[in-house]
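Here you'll find one protein chain in two forms, each presented separately as structure tokens under the names structure 1 and structure 2.
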Structure 1
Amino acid sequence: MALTRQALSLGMIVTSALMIWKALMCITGCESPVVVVLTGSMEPGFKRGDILFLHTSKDPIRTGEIVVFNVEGRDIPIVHRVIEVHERQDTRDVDILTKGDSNDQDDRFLYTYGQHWLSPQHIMGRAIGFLPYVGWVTIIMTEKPLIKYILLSALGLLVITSKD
């Protein structure tokens, strides 16, 4: 029984921490949102399940930066490195090309048909830091929602039936 109570306390602490963290993210204006790495194209640097901390700023995008971008028609954001930048003299328009570290070819095959470059408006943010493994909780919850319901129900049941 003591073990169950410990497990429950741990579960409550983890859940509360996650909730506080998410709330803080939004209270601070979602300036440093967090994204979970979903593919292996940046290995061994980032693995599936790692969490990346993003920062959005007006600084110009430069080669080597790890950026997060969305492609029309795909709902998962892609986290890859910038390998080419071409910035116009007058208009400050920038053409950007990206590639996953462990991919052989660049991302042109991922961009919308006919699009050869990304622009700064496609880019959601730059990765500035990371935490390993923690994102697996989100991946499991999203890809196997049944587990989420079971976990939450179990936690709920334990709260109700605990003798505290």
Structure 2
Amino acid sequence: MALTRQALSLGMIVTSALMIWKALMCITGCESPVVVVLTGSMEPGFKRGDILFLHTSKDPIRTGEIVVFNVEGRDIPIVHRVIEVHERQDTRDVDILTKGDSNDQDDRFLYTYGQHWLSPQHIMGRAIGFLPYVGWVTIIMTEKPLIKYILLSALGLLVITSKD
């Protein structure tokens, strides 16, 4: 009976976390409403380990905005600032160029080979806020898998051995 109760408690915690994530997705309109800054390319504004909150908008993207984008062939989204926006007069299509604040050159070297601009489809969201350093937990668990397994084992042991 106690083991069943503990399993149900764990299930409720996991379900609650998933519900919160889905609610954030609905509110922000982003597939990934929270991202972790993984490099120092946006310093001094955002440091490695900061968590960014994203949203999507129908408003046009403007120069100076911080966006998270994904390009073909890269698994991890990139957080950088928009430095140029070009609107084609004939089609009204928009071309976007980005750059990390602490990088010397624009991001064309990060884009898919032969791609010189991003299109709005590449943009996952725009940064609307951040929490400093909170993302270090994710970075450490990704870079040091042993720590992740130790932490998960400790949490599992805690759930199994708890009295209530």
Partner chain sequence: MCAMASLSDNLNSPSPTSQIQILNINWFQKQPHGNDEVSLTMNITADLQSLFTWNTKQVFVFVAAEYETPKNSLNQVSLWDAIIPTKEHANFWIQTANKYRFVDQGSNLRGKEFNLTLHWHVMPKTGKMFADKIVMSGYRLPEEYR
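Not measured: the values here are computed from a predicted model. What we label the rigid core is the largest C-alpha set whose atoms superpose within 1.5 Å from one form to the other. FYI, numbering is relative to structure 1, first residue = 1.
S.K.: Pick one: is 1 or 2 the form predicted together with the partner chain?
M.R.: Form predicted together with the partner chain: structure 1.
S.K.: Is it true that residue 75 shifts between structures 1 and 2 by 2 Å or more at the Cα, once the core is aligned?
M.R.: Comparing forms between structures 1 and 2, the residue 75 CA shifts below 2 Å.
S.K.: Tell me, please, whether between structures 1 and 2 the C-alpha of residue 92 is shifted by 2 Å or more, with the rigid core used for superposition.
M.R.: Yes; residue 92 is a residue whose C-alpha shifts (by 2 Å or more) between structures 1 and 2 when the cores are overlaid.
S.K.: Upon rigid core superposition, what is the positional shift of the Cα of residue 155 between structures 1 and 2, expressed in Å to one decimal?
M.R.: Here the C-alpha difference is 3.3 Å.
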